[in-house]
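Just the one chain here, the form predicted on its own, laid out as structure tokens.
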Amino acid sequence: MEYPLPLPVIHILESLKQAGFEAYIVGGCVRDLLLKRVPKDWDITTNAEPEQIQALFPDHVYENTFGTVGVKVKRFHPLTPPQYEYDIIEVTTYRTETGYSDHRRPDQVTFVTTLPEDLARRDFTINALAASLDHYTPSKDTSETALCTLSLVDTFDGLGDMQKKVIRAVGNPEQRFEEDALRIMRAIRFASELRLPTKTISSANWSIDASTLEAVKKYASSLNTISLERIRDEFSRIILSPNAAFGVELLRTTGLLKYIIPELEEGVGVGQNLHHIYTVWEHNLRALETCPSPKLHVRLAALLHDVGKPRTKQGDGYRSTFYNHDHVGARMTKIILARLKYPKDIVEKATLLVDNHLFYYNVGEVTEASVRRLIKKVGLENMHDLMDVRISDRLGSGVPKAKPYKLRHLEYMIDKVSHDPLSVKMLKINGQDLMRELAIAPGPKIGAILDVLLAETIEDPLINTREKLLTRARVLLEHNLDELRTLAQEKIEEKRNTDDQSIKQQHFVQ
């Protein structure tokens, strides 16, 4: 079978082979190719040693002791941020690793001569796959890739596990997790990312192998040895995965969540009132599951929006209350995300959304002024995110409809009050210009002329220049301005009504 490979990757593979070395793409990029996903990274492994790799590719970076040389190539990856001038392809010498005293980095790296020895050090079988390039044909559709025939090296039956949709550790799972404790989170992250929607699949879905899962549970406390930044990055990828709620629930059942966000577990088994059919924990998970936004801070806010409820609950049953849980939850959110070393802007935005997710809105009761106050408080740039958290909250409560009429009406009101008001301030001249250029005294005539100019600008926006407006103003001085002003006001009001109807139609309100 043929697979598309970027030309820079092919060039490195071919250069190593022509120099007499073995060369394979390895790890996640092979897994993603087999799963027909776009690889996020391209890694190459070889029996060439670092000095030999550096000699073959002079434009490189080598800042480690693990045998990984970063070869600089022309930008080709669609996910590369625009500020980077080039992409990096990591080329690593076959190696084995021993001693992980910090549960992250090997104490000793030994270069070896065979690929199977190198594959044995990897975390999961689906990532312990390598492929050599047999033949390639330049693509007819693009000059950036070529269709390649590959030979798969699968020492640990990763392909079989892939077909069975199983995430299984290479060799002894306990040994793999002792080497790098973050692998216990990576197992859950892969399950969240690879799992298929249950509504569209009738066969087995992705899961973690039983012995690997037991080892995850056994080594849960070893997360304490991992930096919070690494934990945060894996947690974020779980949150952004297609099955985020599944992943977070798996973090809880395996005992990992209490080392990441123990505050969330306070909601387990905590019943709510007549407005909810789920416990606080279940509701938070469902809010995350139904969150319509792909943004990290919105998804974090959806998961944490009711984190303050267990600490504010009064009473029990359908009449229980959770007064100020939004504000308590916001303070908790800020502490949680700061503890996990999230960037300041993520912390502030998620906290803002949690703090304001209970905004009040009823059609006919809320005025334009109150909507403006909400926008001023939250920020116009955050209103769409706040609506997404509100939609998550509704769907997470088990309601069938994400956006009822009153939320659509709120969107209409936000859109309406956010538009620049139709006024003479839109003109390229003002009263001072008229008095100076037309030599007229202050008085109602100035306002009448400006109203007429605004009405005519509505009809023809191209006349809204200083020169054209002043020319037209000189002509208007000779007319009955009271009559013209009446016509102008009718035109302005007509335009306002037309704009309002257009905005209403956009949001399906009446």
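These numbers were taken from a predicted model, which means no experiment stands behind them. Counting begins at 1, following the sequence as shown.
Not on display, but discussed next: the form predicted together with a small molecule.
Of the candidate stretches 217-225, 339-347, 179-187, 431-439, only 179-187 has residues with heavy atoms within 4.5 Å of the small molecule in the model of the complex. Highlighted residues N324, D326 and D393: none comes within 4.5 Å of the small molecule in the model of the complex, counting any heavy atom. Within this chain, R31 lines the site of the small molecule in the model of the complex, having a heavy atom no more than 4.5 Å away. Although the partner is absent here, T351 lies well away from the small molecule in the model of the complex, with no heavy atom inside 4.5 Å. At least one heavy atom of D43 is located within 4.5 Å of the small molecule in the model of the complex. Shown alone here, D385 lies farther than 4.5 Å from the small molecule in the model of the complex, counting heavy atoms only. Site annotation in the model of the complex: the residue of H357, R168, H276, R121 reaching within 4.5 Å of the small molecule with a heavy atom is R121. Think of it this way: in the model of the complex, the small molecule has a heavy atom of just one of H297, R195, R237, H283 within 4.5 Å, and the residue is R237.
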